[in-house]
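A single chain comes next, written as structure tokens; it is the form predicted on its own.
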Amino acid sequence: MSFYRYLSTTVKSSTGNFQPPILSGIVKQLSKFSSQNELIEYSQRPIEYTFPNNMIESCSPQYSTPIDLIKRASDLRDQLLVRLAHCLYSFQSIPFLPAANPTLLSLHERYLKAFENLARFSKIETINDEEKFYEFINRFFIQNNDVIGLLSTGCNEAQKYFKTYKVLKGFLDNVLHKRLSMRLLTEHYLELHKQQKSNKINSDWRGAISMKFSPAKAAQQCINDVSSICFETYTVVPHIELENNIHEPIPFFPHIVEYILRELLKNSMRAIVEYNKVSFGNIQNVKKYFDDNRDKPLCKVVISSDPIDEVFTFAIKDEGGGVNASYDEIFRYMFTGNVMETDEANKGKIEEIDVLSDFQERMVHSSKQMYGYGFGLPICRLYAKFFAGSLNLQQISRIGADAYLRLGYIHTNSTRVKI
């Protein structure tokens, strides 16, 4: 029995029956949920997809019709209601025990409230209505920044109660896919509103889409960001080389590329540092090795494009020893692999560790981590597929790993990318 069916039965039952304390809150919410019929109706509607090339064209300065924010807001309301309903259906379809997890339960309730508030929102017919809708959507966008963190926490707590990994993966894939589409549509509308109200024409942007996105600049910014995290975590940073073969900007959603690159770079930097820490015994020796070999990058990022296939590619090649896991394991939700250890002959060197430096290293390590609950790679692959691309990994034992990220163009007439 799914959690939703149980709750529906509980709500209809007499109030005198015993309800476990953990369920009483959500049961009350469901019993007061006045938009239940609308939720069923919207969950049965097919999703009407939006294509990025149309999003670019419809808000181009050369477009004959001015941007109608009232219509945009009204359309977004309907798009979000359908996607929220589909997302809630995923929550309501999982088995009882994982659905009763407090973290997942709170997220389920949050989406229920969001749907009800959006369903109650009055028809958007005036400029004043659109302004109120903008404020509502802006709050919705900000309040849901922590969804991935809550999903990872809840699913880690409840993973043993899912019947199979297939059920868990299906739930997470569906929720994360709908979340991404909602965030892209929401961010695009919010940016269009701000650009329209500022009365300043900026040819570099069409809503949330950068028309002059530079993959090389994005990669360098991500290298800088992750290097800072790496230094805070380990007190050392491996040298990374960037090779760029794309010299013309392309339209894209910058934060998507930046999110994926940060995750991939964190994996590579962590692997390089920890693999060399095992080899050299302590972090001071690793630092000396990095300093002495600045001309030999231990990680290389290569950027290229294929106009015929309408994709651009990032290849991230590291010498971090690889991961001691199969290909399928690496892309499983909740998998957090350990980097390859050196052979038995090198393990004896680990004993020569400076006590003070090791204590300092552990103190710094506790302040900020380079890894989490094992959601990074599965989400990155999901995002890559969303943008008609792929994420693949090749490993060379005791040497390192190569990650290949392909993303499809969004400015062509192709309908491969749909939001």
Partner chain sequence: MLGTKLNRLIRPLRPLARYNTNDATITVKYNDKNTTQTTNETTNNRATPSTEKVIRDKHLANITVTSFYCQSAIEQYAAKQSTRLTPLTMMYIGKTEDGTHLLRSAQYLQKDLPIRFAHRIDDFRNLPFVVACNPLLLDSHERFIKIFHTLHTFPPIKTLEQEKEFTELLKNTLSCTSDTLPLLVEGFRESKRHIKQETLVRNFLDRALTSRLAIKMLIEHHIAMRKDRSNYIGAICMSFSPRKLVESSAEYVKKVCRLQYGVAPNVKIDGHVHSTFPYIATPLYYIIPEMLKNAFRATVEHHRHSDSGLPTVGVTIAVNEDELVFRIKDRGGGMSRSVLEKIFDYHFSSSNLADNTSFSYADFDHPIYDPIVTRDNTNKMSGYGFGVPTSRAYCEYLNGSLTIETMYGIGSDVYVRVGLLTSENRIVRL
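Predicted model only: the values in this text are computed from it and were never measured. Residue numbers count along the first chain shown, from 1.
Only in words, not in the display: the form predicted together with its partner chain, which the text now covers.
- Only one listed stretch (143-151, 172-180, 106-114, 312-320) carries heavy atoms within 4.5 Å of its partner chain in the predicted complex, and that stretch is 312-320.
- Only one of the listed residues (304, 93, 228, 293) places a non-hydrogen atom within 4.5 angstroms of its partner chain in the predicted complex, and that residue is 304.
- Site annotation in the predicted complex: the residue of 44, 394, 36, 58 reaching within 4.5 Å of its partner chain with a heavy atom is 394.
- Not displayed here, its partner chain is approached by residue 245 to within 4.5 Å at the level of heavy atoms in the predicted complex.
- With a 4.5 Å cutoff on heavy atoms, residue 308 counts as touching its partner chain in the predicted complex.
- When its partner chain is considered in the predicted complex, residue 411 lies well away from it, no heavy atom lying within 4.5 Å.
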